[in-house]
Ligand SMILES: C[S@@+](CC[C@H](N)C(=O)[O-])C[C@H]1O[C@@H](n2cnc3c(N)ncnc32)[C@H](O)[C@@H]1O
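Next up: a single chain in structure tokens, the form predicted alone.
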Amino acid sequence: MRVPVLFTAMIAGMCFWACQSDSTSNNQMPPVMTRETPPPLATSAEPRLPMSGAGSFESLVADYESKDRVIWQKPGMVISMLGDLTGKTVADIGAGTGYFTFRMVPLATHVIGVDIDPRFISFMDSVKVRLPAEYRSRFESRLAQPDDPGLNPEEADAVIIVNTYGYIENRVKYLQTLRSGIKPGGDLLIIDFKKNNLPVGPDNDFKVSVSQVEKELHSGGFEVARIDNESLDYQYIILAKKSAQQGE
């Protein structure tokens, strides 16, 4: 489906200005990217993400780029958990519209927005051309397969997976494949929805408990470094490290 040009331009503008709206928690942002003016929560409806993959592409984009999301998902705080990204390559798995991807572009040397949906790849590419010139060369979109993120061996210093983990099939095998694309000692940051009755997020069928994620990370070759159940109202944050395995 082709997204109308006017609609794409409007939402792309939202993506770009959103990159400037939540950076107070990260001192690495250059001055032009440090404005933070979060809008008030809407009173007519709860903030939300799509409950499933159904609906038009325009609806998906509008939901992913909702003005309320910056408040409940706190992207600046989440990204800061990766520490200093200067000189690093970061991959955003399940990048969608690039909500997190483009917020990392000013911070890292190379940011890869990975998605399995060609529509989102095209969308991120349309946003790229509106970035400041010094940031365009830092961003790359990459079409992946459901069972393979498509990273080169030891390509990424850090990987972030937001609102996507529960949709991955054969997750342990996927993590093992992903592990090969991360540098020794590299970080994996997973943010997903708690298994509660929440006003945002998917059905419980697509939610994975923290304890289950821990088990799968261990089986996939990662060591859990930190679990944060408090910073986000609706989600947990898990920071893991690529563990050393015999023969490496």
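Sequential numbering from 1, following the sequence displayed. Here the structure is a predicted model, which is why all the values come from computation and not from measurement.
Just so you know, the form predicted together with the named molecule exists too; it's not on screen, but the next bit is about it.
Novice: Kindly indicate whether 157, 185 and 221 are, all three, within 4.5 angstroms of the named molecule in the predicted complex, using heavy atoms.
Specialist: The answer is no; none of 157, 185 and 221 reaches the named molecule.
Novice: Out of 126, 80, 164, 177, which one falls within 4.5 Å of the named molecule in the predicted complex, going by heavy atoms?
Specialist: Residue within 4.5 Å of the partner: 164.
Novice: At 4.5 Å between heavy atoms, only one of the stretches 167-175, 80-88, 105-113, 133-141 reaches the named molecule in the predicted complex; which one is it?
Specialist: Of the stretches listed, the one contacting the partner is 167-175.
Novice: Any of the heavy atoms of residue 194 lying within 4.5 Å of the named molecule in the predicted complex?
Specialist: No, residue 194 sits far enough from the named molecule in the predicted complex that none of its heavy atoms falls within 4.5 Å.
Novice: Should residue 69 be classed as touching the named molecule in the predicted complex when contacts are defined as heavy atoms within 4.5 Å?
Specialist: Flag for residue 69 set to yes.
Novice: Is residue 96 near the named molecule? Define near as a heavy atom within 4.5 Å, in the predicted complex.
Specialist: Yes, contact at 4.5 Å.
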